[in-house]
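Taking the form predicted alone, here's one chain by itself in structure tokens.
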Amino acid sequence: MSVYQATASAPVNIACIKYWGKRDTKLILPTNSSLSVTLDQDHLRSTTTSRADPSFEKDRLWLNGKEEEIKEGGRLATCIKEMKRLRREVEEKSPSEPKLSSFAVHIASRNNFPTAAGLASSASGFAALVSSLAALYKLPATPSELSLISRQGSGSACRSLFGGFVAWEMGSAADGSDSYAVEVAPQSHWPDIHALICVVSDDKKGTSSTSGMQRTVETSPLLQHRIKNVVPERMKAISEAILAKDFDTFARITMQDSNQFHAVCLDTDPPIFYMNDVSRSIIALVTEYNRVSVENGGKLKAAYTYDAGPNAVIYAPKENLKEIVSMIIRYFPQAEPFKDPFGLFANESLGSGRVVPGFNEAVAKPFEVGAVKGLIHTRVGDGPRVLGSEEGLLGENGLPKQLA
């Protein structure tokens, strides 16, 4: 008996130009375009296995070993239904193909990082779901076409269908047919962009992105100014900076956009606070680190950005990571030694950390161990990968393998 199964992994992406606000909540159509960097799946990914079988009674999904309800008309159900529709088109064109679109599916997914911790787990999760179903159904769809479907699961998931630097075009059509992701530049164009993620909290957020976003759309006058006047210019300028590998411009726009996104949250009524004292101290450190460089005739060396949560993502060219990690460890001592996946520290002891000469150490106060719970050093990465059967998450009975 044939087993119809496929496994895929998909990356996390972190936006430089933020998506905040929907003009259509059901189709997840954004009020503005956005742009992100795809991070390396070797460090942050969602892996999903999908299987279609005539013996399955209904569609079922397990996330990190726990079954999730697939609500009728909900985001999961919508993505699965849309993928089955594309499979049906394949079957109608090639009648000899097995009628997989009529079978229920079992789907197992797992993340190798905390879910709902402000690390965009829904983005990689829905991108992996759509990628694994596309492989199972042998769909001829392009990543942009698949992004139309993953967008309906989680808006930012559409950007995880590509590696490198990715734009989500907001589009204008009411049916969402022109609201999809496109590649600005592949990973190979600018591979030296690295990222340091400072995990400030791995708790679930106080205000979810979905509810926070809608409240902002309804109450923030600043959001309307952002949508009309600010984002279109920034999208153009940052895309040009990426193509020119101009980190100074890329960094300036990334930090400005993060600041404005949080200003819009503050302009919401009542206000939404995603950052905390640790987040603000990291901003002060990166700002001071850049000031020292610029005053000595250099350019910006690092860019912070924050999504809807307190975790900092610091983008920088590879050669600056050593200084940045040393600075962060000085102010946020770590319980565990720093993992150096790229061998940039050549076994040097980071000890209590150091700052660059001329750095005003009074810009932030040192915190206790645990204020930054962990540091993840990664870099720009590739798009979804189809994996071999040995990496499948479903056992022979179509239920999740006991996840160790």
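Position 1 is the first residue in the sequence shown; the rest follow in order. Everything numeric in this text was worked out from a predicted model, so none of it was measured.
Below: the form predicted in complex with another copy of the chain, not depicted.
Only one segment in the set 148 to 156, 256 to 264, 183 to 191, 89 to 97 has residues whose heavy atoms sit within 4.5 Å of another copy of the chain in the predicted complex; it is 256 to 264. Proximity to another copy of the chain in the predicted complex holds for all of H225, R234 and I283, with the criterion being a heavy atom within 4.5 Å. In the predicted complex, at least one heavy atom of R252 sits within 4.5 Å of a heavy atom of another copy of the chain.
Among heavy atoms of Y137, none comes within 4.5 Å of another copy of the chain in the predicted complex. Y304 belongs to the set of residues with a heavy atom inside 4.5 Å of another copy of the chain in the predicted complex. At the 4.5 Å threshold, heavy atoms of P270 reach another copy of the chain in the predicted complex. Only one of Q214, S144, S177, T287 lies close to another copy of the chain in the predicted complex, with a heavy atom inside 4.5 Å, and it is T287. A heavy atom within 4.5 Å of another copy of the chain in the predicted complex is found for one listed residue only; from V199, A241, V325, V230, this is V230. Applying a 4.5 Å heavy atom cutoff to another copy of the chain in the predicted complex picks out no residue from 161 to 177.
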